[in-house]
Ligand code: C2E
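Just one chain is shown here, as structure tokens, and it is the form predicted alone.
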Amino acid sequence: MSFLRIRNAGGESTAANFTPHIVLAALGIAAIIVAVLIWSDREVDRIALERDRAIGSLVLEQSVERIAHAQEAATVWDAAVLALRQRPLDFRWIDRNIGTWFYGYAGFDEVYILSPSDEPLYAMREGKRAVPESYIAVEDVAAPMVARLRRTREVSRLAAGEGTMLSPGQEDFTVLRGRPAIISVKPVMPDTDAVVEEEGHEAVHISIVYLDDDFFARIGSQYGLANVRYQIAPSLNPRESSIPLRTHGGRTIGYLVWEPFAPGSQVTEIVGPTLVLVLLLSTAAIYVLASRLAKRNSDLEESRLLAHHQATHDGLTGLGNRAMFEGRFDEALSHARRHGTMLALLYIDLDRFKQVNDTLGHPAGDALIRQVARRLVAEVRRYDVVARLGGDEFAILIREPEDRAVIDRICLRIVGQLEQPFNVSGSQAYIGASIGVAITPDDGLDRTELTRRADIALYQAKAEGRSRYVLFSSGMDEAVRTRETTERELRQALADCDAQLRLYYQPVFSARTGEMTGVEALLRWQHPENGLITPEAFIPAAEETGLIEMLGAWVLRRAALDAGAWPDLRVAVNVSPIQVRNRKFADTVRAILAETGLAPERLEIEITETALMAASSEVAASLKDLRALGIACALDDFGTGYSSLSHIRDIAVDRIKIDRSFVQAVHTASGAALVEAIVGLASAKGVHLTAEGVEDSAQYAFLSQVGCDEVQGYLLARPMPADQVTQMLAEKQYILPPQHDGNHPAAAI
């Protein structure tokens, strides 16, 4: 240590006098740090307890609202009002729709139905119908609530859309049969103007759910409340917390008790001794490194550490980057192999992040990424590894989880946290997260293989609707191999389209005259080994791999060539959303028409509501270009998406194709009314109307009677090769228009 020596006695004395001050200052700082740590940990415990209390209160409130919302699934319904007016009552119908059905649908333990004069009409207990007189057991609690409900006389106002409920009601906590329970009282009221019910004199539906051990266990699992349970009195255990279960009248019927999470105390117990040791060592280091040379060495070391940190950490979030994560991954895998422990890899991809960047700008996107990083770190243990791999992709290593349930809880918390709003640039941004999970040793002990399988699970999570997590399973691997095989074989098929691809045509007929007016082109793949394959099995693969443009162009060209043999028919071709979003799509169609000689007015392009919702502005631009060419545009599968009536107003289409699910429902009053409404809307907008999926003569008769322009379905003609269409035209085959009896269509069916 010769570099610390001072050259003269005066210098040595000065250094000797200065050293105690350094030590004392370091010890003072250490004491302050320890004190701040203890105070911070206690504050954290207090905040955590307040959060748990808030969660507990919210959960209880939401449980009451959930039951009331579930109850409205069958109590705001024309059919229920009419059924309860019948005498004698159809108990089998009541069981299936508003009675025992609630036991399986919403977990209701008891259901009672009262007449407008408050006489019991029906009772259900534990999923089985009971005698109506069993209502006596709950009448003391239910009767005052029914009376309050009838006094409110606010049915019309609430049903008009004010508030979050469809109907008024009375909900409360209570004690029934010696057990805590939630009771909800709702009027049975119509959902349309077709049925009239006098306000305040409706039949009443009473639902009861008992707060048993399963109920509280589910709360604890979902919201991280340890050992949550119900007690008559508050807990006297200082390690437990309680909140009262109070009725709306202020009466306490018991307490929700749980063991609060105390992260601050845990941090103090774990980090405290290490921190004290670190502070003492730091004080010694300060003393030793008092010389100029030591300072220079310290500066050099800090520079090296900074360079290393920048090379192994993400500059935006401070998390480890891909290089650091792979190193930690290898270490964790080595430990798992040696000790036979579990290790979980979580691949996380943010949902709707691009929308934030596009809407609020990249600075807001960066701020959002930093907040996501903080939330991820907060949801895992201190020895787990969180890294940002790039863009909106993150990865987490869960080291030595006790079991898969721990992994499930962590994933649930992450999904829940990332669904909460983010405050960025003065606005609230809403995103979500899709998570793919691979776990050792079941999914392998090789980093490359685990990474691949976590990525497959992530793909599955996105395919299932996003904002969820999926654990890898062997079936997913098989699905990936199937997709790869489909993609490879589809590429081979596209190398010679005419060899394997086929177009079938389903005729469309005039509902008035029965004459064939057009055909819809339907793609089939004549696989050399698997036979004839419908588009549902290979179109998604074509869209994912970018082959849909080539495939769609072939379909358009083949349909235009075949249509040359049918000069009096319109030919309709379905197109993918990806094709329509391409601004050059109209140019492609124009070139094909010029090549084949098909008149533009004979071609009809069919798009789905999904295509409209995916990128309505881009689709609108393509539709405008197509219509400028004289090509008709049809909205396929109308009513199955989200756009429905609004897009008929905003985006001009020439034809609506009613989805087969609506046609199949015309035998019911509500189904018939809905189809009539669609026909009326189309007529008002001057839009042609085609009904798909007509399978019996009663459906055909109804559609013809209400004014549907054209019909299509297996009753009339199945999809067929082009030469059969030519034969039908040559033989002048047509269908006989149905005979109307003058009755209401639904009644006739």
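Position 1 is the first residue in the sequence shown; the rest follow in order. All figures in this text were calculated on a predicted structure; none of them were measured in a lab.
What comes next is about the form predicted in complex with this ligand, which is not displayed.
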{"item": "Options 569 to 577, 221 to 229, 421 to 429, 191 to 199; stretch whose heavy atom lies within 4.5 Å of this ligand in the predicted complex", "value": "569 to 577"}
{"item": "Site check Q506, P535 and E692: each within 4.5 Å of this ligand in the predicted complex by heavy atom", "value": "yes"}
{"item": "Partner-contacting position among A521, I435, A332, V81 - heavy atom within 4.5 Å of this ligand in the predicted complex", "value": "A521"}
{"item": "Of V380, A665, L176, I539, the one that lies within 4.5 Å of this ligand in the predicted complex (heavy atoms)", "value": "I539"}
{"item": "I410 within 4.5 Å of this ligand in the predicted complex, heavy atoms", "value": "no"}
{"item": "E259 within 4.5 Å of this ligand in the predicted complex, heavy atoms", "value": "no"}
{"item": "Contact label in the predicted complex: G56 to this ligand, heavy atom within 4.5 Å", "value": "no"}
{"item": "In the predicted complex, D625 touching this ligand (heavy atom, 4.5 Å)", "value": "no"}
